[in-house]
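Structure 1 and structure 2 below are the same protein chain in two forms, each given by itself as C-alpha cells.
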Structure 1
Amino acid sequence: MSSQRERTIKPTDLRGILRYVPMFRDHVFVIAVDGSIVSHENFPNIVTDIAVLRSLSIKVVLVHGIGHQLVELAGEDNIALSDIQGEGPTDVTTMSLAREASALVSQSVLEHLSQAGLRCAITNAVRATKVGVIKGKNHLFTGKVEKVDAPLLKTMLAQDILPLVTPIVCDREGQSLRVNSDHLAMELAVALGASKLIYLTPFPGLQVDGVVKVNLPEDELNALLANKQVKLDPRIRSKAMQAAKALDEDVPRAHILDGRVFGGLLTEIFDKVGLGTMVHANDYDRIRQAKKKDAQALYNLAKNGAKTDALVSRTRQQIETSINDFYVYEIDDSIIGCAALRPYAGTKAMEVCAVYVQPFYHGRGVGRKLVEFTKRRAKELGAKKLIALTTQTQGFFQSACGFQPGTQADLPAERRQELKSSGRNSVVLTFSLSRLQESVR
C-alpha cells in the first residue's frame, strides 16, 4: 500500500495540476464504477476525488455496475444467475435480483455523494431496448442503450447536479432492462461529447503478459482486441471494447484504472504518467496541414522561436503566403507545435523547417512526431531527401530523428546563397527518405 501511496499525487503537485485546470474546465467526464469498487473501502476517497473534480468545474456523470452485489445476493439465496455482467441473457429471476442489487448500490452511492456535499439525481435520461435474439439465443431482459436524453443531462450538469446512472434502464414501454454498465458509460460519453470515459475497476489497468499498458493508442488497442493470442480477463475485455467504441465515436480518451488505490482517480487525470491505462485517439497527438485561420497562432510560435534565434524570424505575411507548407500539432484544439516543408524547386529534396514546440510540451515526443510526419509527407510529395538547417538543435535532428551530417553541397545553389546572406551559419543535416521504410513498422 505504501508504494501505491507514493505513486499518488502530492500537495506539491498542485502547481502542476493548475496547468490542467483551464484545459478541463466545463468538460464532461463519464466515470463508471464497478459494483465491487462501490463496496470497497476506497470508495469514499473516490467520491472525495470526484468532489475535487467538481470544484475544478469538471462535469461528472457517474455510472455504477452491480455484478459484485448481484453475485452476493444470488449466493445468499443459492440462486443460479443466468448472467452476471449484463451481456448474456437475463432471465426473470436474475432480472429481479439485478433490480434489488441496483437499488442497494445506488443508495450506497447516494449516501457517499451526500456525505461529500454533492448534489445528485437519478433520472430516466437513458432509454434502453431489448438486445433480442443473438446467435439464436434470446437475451430476454438484457438491454442496450437506445437513446440518451443529452439535453436533460446537460441541464443537470449546468445546474451543478451530478447525474447518477444505474444499469437498470427502462425501455419505451417503461419496462426495466439490465444493461451492461461498461456499454452504458460508453454511450453516455459519446452522447455527451465527454472528454474522458473512465472505468474504475478492481484491476491495475489493461495488462498484457502481466504488464500494464500505460499509454495505448487506439490502433494498438484494436489490434490487441483482435489478437486471439492475447488473454484478457472478460471484465477488462468488456471495458477495453467499450473504450475502443468510444474512441471510434470521437471520445478523445478512455482510462481503465484501479479503483482500489487511494487518490488513483486524481493521479490518473493530473499526473503525467498516470496510474492505469489511458487509451488515446490516434489523433490525440494530432498533426494536420495548417489552414489560413492558423496564421496568427503560427506567427506567435515562430516569434517565440525567433527570440532565441532557434528559428528564422518570419512575418505574418510570409506565413500566410506559405501557409500550405505548414503542419500543426494540436492538443485539445490548441496549436502547441508546428513544422514546415519547404520544397527545393527542380530537385528531389525538401527542407524541414520552422520546427517548434511550445516549451510546456517539450520532452513529450511532440518534436520528433512532427519531424517524422514531415518525413512521411515529403516522401508522399515525391522527395528523396530531407534537409534540416539548424543552429541549435543538431543533437535533436541527429539523435532523435536520425539525420546525418551533410554539407552545403546538399543544398541547391539558390538556398546556399540565401543561407550565406542570412549569416546564420546553420549546420546542414540530411535524411535519405529511402530509409523511411525501415523505420515504419
Structure 2
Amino acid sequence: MSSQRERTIKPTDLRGILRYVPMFRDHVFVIAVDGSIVSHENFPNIVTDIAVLRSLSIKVVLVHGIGHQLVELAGEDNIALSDIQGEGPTDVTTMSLAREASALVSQSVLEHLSQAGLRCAITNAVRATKVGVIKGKNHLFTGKVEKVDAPLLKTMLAQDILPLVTPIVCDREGQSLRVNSDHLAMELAVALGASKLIYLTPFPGLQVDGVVKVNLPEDELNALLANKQVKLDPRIRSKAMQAAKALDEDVPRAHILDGRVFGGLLTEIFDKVGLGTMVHANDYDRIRQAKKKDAQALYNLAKNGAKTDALVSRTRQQIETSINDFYVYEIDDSIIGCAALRPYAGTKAMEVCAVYVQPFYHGRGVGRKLVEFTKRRAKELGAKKLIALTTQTQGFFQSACGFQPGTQADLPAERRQELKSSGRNSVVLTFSLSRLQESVR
C-alpha cells in the first residue's frame, strides 16, 4: 500500500491537474463503483475526487453495484442466492433482496454526495428488458439495457446534477429487473459519448500472471479475452468484456482500478503513469497518408470547407501537387476527414492545416484524432513545434488539442507574408511537441 500511496496525486496538487483541464472540460465520465467499494472506508475520498472532477467542469454519471451488500443480506437470513453479479438467473427471492440492497446502497451514495455538496438524483433514464432464455436456461428477473434516455441525462448534466443510476432497472411495464452494473455502465458510456468509462473495483487492475496491465490497446485486450489459457477473476473478466464493448462503440478510454487506494481516481486520470489498467482504442487505425487516387475526395472536402471560409480554397491541381502532405480518416472505405502537415523549410516547426471533417461526423472526436495524429507524425519527422492558423476553430485547437496562443513571430518570414497577402487575419496557435512524452490517460 505504501508504494501505491507514493504514486498517487494529492487532491490538492492542482498544478499537475490543471494542465489537463482544457482537454477534459465538459467531457462525460461514466464511473461504475462496485458495492464493496461503496462500503469501503475510502469511498468518502472517492466522492471528494468526484467533487474535484465536477469543479473542473467534467460531467460525471455514477453507477453502483450491489453484489457485496446482496451477499451480506442473504447471509443474515441464511438465503441461497440464485446469482450474485446479475449475469445469471435471478429468482424471486434474489430479486427481492437485490431491490433491498440497491435501496441501501443508493441511499448511502446519496448521503456521501450530499455531504460533498454535490447535486444528485436517482434517475429512471435507463429502460431494461428481460435477458430471457439462454441455452435453455430462463434468466427470470435478470435484465439487460434496452434503451438509454440520453437527452434526459444530458439535461441533468447541463444543470449540474449528477445522475445516479442503480442496477435495478424497470422494463416497459414498470417491472423491476436486475441488471449487471458493468453492463449498465458500458451502455451509458456509449449512449452519452463518454470520454472515459471507469470501473472502481477491489482489484489493482486487470492482472495477468500476477502482473497488472497498465496500458492495454483494444486489440490486445480482445486477444486476452479470447485466450482460454488466461485466467481472470470472473468479476474482472466482466469489466474487461464490457470495456472491450465500449471501445468497439467508440468510447476512447476504459479504466479498471483499485477503488480502495486514496486519491486513486485522480491519479488514474491525471498522472501520466496512472494507477490501474487503461484500455485505449486504436485511435489511428483509420488514418493513413493520402494517395493520388484520393485527390478528388480531398478536393470535395476542401471545397465544402471553403464555402464557410473555414478552409483556404484549394484547386484539385494544388491538392495533387501536395498530396504527400495530406492524411485522411476513413470509415468503411470512405474518406470523411483530412488534415495536412506543411513543413517550414530551414526550421524545426511544421504547420497543421486543412483540418476538415464532414458535418455528419462532427462531435465524434474525428478532428481531434486527426490533429493528435499530425502531432505524432510531425515529431517523428523531427519537428519541435506544431503551428495552426485558424479563423473559426481557435476553441477546438485550444480546448480539445492543447494548443497555446502564439504570434506571427512564430512563423517564418515567407509564411508571414503569405498570411498577410491572404487577408484572412488568422489566429496563430502553437503546440510544443516535447509535451507528447506525457501520455494522457
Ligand SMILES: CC(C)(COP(=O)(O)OP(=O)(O)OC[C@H]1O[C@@H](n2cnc3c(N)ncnc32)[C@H](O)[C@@H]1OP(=O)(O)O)[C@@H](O)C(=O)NCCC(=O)NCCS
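Think of the rigid core as the biggest set of C-alphas that the two forms share within 1.5 Å after superposition. Values in this document were obtained by computation on a predicted structure and should not be read as measured data. For numbering, take structure 1's sequence and count from 1.
Only structure 1 of the pair represents the form predicted in complex with the named molecule. Once the rigid core is overlaid between structure 1 and structure 2, Asp77 does not reach a Cα shift of 2 Å, moving by less than that. Annotation for Pro44: C-alpha shift under 2 angstroms between structure 1 and structure 2, rigid core superposed. Core-superposed comparison between structure 1 and structure 2: CA of Glu218 displaced by less than 2 Å.
If you overlay the core, the Cα of Ile323 moves by 4.1 Å between structure 1 and structure 2.
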